[in-house]
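Taking the form predicted on its own, here's one chain by itself in structure tokens.
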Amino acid sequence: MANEVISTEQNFLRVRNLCKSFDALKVLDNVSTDIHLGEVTCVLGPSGAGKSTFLRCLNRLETPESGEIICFGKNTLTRDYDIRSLREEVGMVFQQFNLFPLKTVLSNVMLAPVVVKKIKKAEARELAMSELEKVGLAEKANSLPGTLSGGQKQRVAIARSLAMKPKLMLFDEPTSALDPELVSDVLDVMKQLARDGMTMVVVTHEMGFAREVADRILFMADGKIIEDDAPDVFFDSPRTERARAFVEKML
């Protein structure tokens, strides 16, 4: 397996009774699950189900009102927890790329290793070029993000996260902002990451990708995890009426 084993336990990220509200709207309602080492977990569900909020809580971009997130043996929700250490271990790829527009592709990928991990620039440059090669964009190293297609921007964003050598990658609907013809290149990169053993949690509407690549499907609705199953079970014989209706609509 490509990733270093973090502990002897397979459930190296544990979520217990997570609750999150925005004003009167309860977005996460006692969500509990485990993320398993080396697995790809796809989070599916209708809009407003709480999928993106769940993902953003995992890396503390959102702070839940209650519950526990045990990551690498530590509760990330305690007051004395160092969030920066979490960001070093957990990479995230967003819908809208979030690249720095006035920095080159290479500089975008180099930035976090230099600033956060204090890697020397020469070493960071070599690392960044290696990650850009993995996503097929080494030739764009000196280009500005504004000259790239949406799919290319997203692949740069993936390379930027990979440059931090994370143990877990979170993807928040990484293809939702892309034109349909650009989606496959991004999904191909993600499939290769899965083959390399990267532990991934992916919020997606790409049902074909979820069925092909996921080890587990978490189906969310109304702020709760309604089903947690293997892809063949979820897609072929969902257990709840809510999931059946979703699958029929999406396939």
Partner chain sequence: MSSLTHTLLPMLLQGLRLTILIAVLGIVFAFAIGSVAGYALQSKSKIARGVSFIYIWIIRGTPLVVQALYIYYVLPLFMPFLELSSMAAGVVVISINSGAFIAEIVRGALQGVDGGQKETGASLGMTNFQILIHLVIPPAFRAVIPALFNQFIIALKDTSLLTIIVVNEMTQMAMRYSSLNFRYIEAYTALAVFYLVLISVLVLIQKFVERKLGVNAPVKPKLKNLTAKLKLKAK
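Positions refer to the first chain, counted from 1. Note that the coordinates shown come from a computational prediction; the quantities given were computed from them, not determined experimentally.
Keep in mind the form predicted in complex with its partner chain is missing from the figure; the text below concerns it.
Heavy atoms within 4.5 Å of its partner chain in the predicted complex are found in one stretch of 128-136, 70-78, 174-182, 148-156, which is 128-136. Taking the partner from elsewhere, Ala112 is found to have a heavy atom lying within 4.5 Å of its partner chain in the predicted complex. Among residues of the shown chain, Asn59 is one whose heavy atoms approach its partner chain to within 4.5 Å in the predicted complex.
In the predicted complex, none of the heavy atoms of Lys120 sits within 4.5 Å of a heavy atom of its partner chain.
In the predicted complex, at least one heavy atom of Leu99 sits within 4.5 Å of a heavy atom of its partner chain. Taken together, the three residues Val90, Val116 and Met164 all come within 4.5 Å of its partner chain in the predicted complex, as judged by their closest heavy atom.
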